[in-house]
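One chain follows as structure tokens, the form predicted on its own.
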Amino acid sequence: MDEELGGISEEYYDIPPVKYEYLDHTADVQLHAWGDSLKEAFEQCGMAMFGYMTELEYVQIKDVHTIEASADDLMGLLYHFLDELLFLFSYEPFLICKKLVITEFNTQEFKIVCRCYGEEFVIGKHPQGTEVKAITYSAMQIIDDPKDNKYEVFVIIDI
């Protein structure tokens, strides 16, 4: 855990509305997420992945971890961001996130810093969803259209 939750203000317990859906894909699943900004679309895509692994209403905010991701381009940044989140879940204490807050979203240098709020995944408390094995670049799309206020991402995850 990066820090004790005692110093966290109430606003961090507010959970944003769901802005993602799951699309069928042969032997895998496609995450489709959107937001009022590209940053929010990335956050929502991360939440979609966690939502596929368990029912998020059973997750409480007890721990906070910070992850960083960097890449050479925007698609690589989305890939590495999701891969870091998957690693966070796969490595002790097996953090399942209820909320993600990207605190640094640099699309010029392709860097993300994200605070991940959740708790340790515990079988019995958290319903087991589908295991996510890997993030893929297959059919990955990023729609970044400020003119039409359209920010969406599509990512296929290997399950």
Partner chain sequence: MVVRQYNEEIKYLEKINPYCWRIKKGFQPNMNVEGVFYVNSTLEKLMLEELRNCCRPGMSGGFLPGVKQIANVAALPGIVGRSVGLPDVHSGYGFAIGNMAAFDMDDPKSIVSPGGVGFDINCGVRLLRTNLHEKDVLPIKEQLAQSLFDHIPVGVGSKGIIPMNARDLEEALEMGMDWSLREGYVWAEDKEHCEEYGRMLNADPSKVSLRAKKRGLPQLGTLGAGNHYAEIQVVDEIFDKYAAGKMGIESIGQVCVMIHSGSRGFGHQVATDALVQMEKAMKRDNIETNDRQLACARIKSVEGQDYLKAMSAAANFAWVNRSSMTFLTRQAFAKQFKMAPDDLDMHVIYDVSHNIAKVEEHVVDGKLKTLLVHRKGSTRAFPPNHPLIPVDYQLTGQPVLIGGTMGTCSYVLTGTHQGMTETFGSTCHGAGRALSRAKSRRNIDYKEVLNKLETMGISIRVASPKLVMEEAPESYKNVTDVVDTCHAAGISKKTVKLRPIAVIKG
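Numbering follows the first chain given and starts at 1. These figures come from a predicted structure and were not determined experimentally.
Another form, the form predicted together with the partner chain, is not on view; read the next lines as being about it.
Chemist: Is there a non-hydrogen atom of Asp24 within 4.5 angstroms of a non-hydrogen atom of the partner chain in the model of the complex?
Modeler: Result yes; Asp24 sits at the interface with the partner chain in the model of the complex.
Chemist: My question is simply whether Leu86 lines the interface with the partner chain in the model of the complex - judged by any non-hydrogen atom within 4.5 Å.
Modeler: Because a heavy atom of Leu86 falls inside 4.5 Å of the partner chain in the model of the complex, the answer is yes.
Chemist: With the partner left out of view, is Ile157 within 4.5 angstroms of the partner chain in the model of the complex by any non-hydrogen atom?
Modeler: Ile157 belongs to the contact set for the partner chain.
Chemist: Although the partner chain is absent from this view, report whether Ala71 comes within 4.5 Å of it in the model of the complex, heavy atoms only.
Modeler: It does not: once the partner chain is placed as it appears in the model of the complex, Ala71 has no heavy atom within 4.5 Å of it.
Chemist: Sort through 40 to 48, 86 to 94, 105 to 113, 58 to 66 and report the only stretch with a non-hydrogen atom within 4.5 Å of the partner chain in the model of the complex.
Modeler: Selected stretch: 86 to 94.
Chemist: Would you mind checking 109 to 131 for residues with a heavy atom within 4.5 Å of the partner chain in the model of the complex?
Modeler: Those in contact are Glu120, Phe121, Ile123, Gln128, Gly129, Thr130, Glu131.
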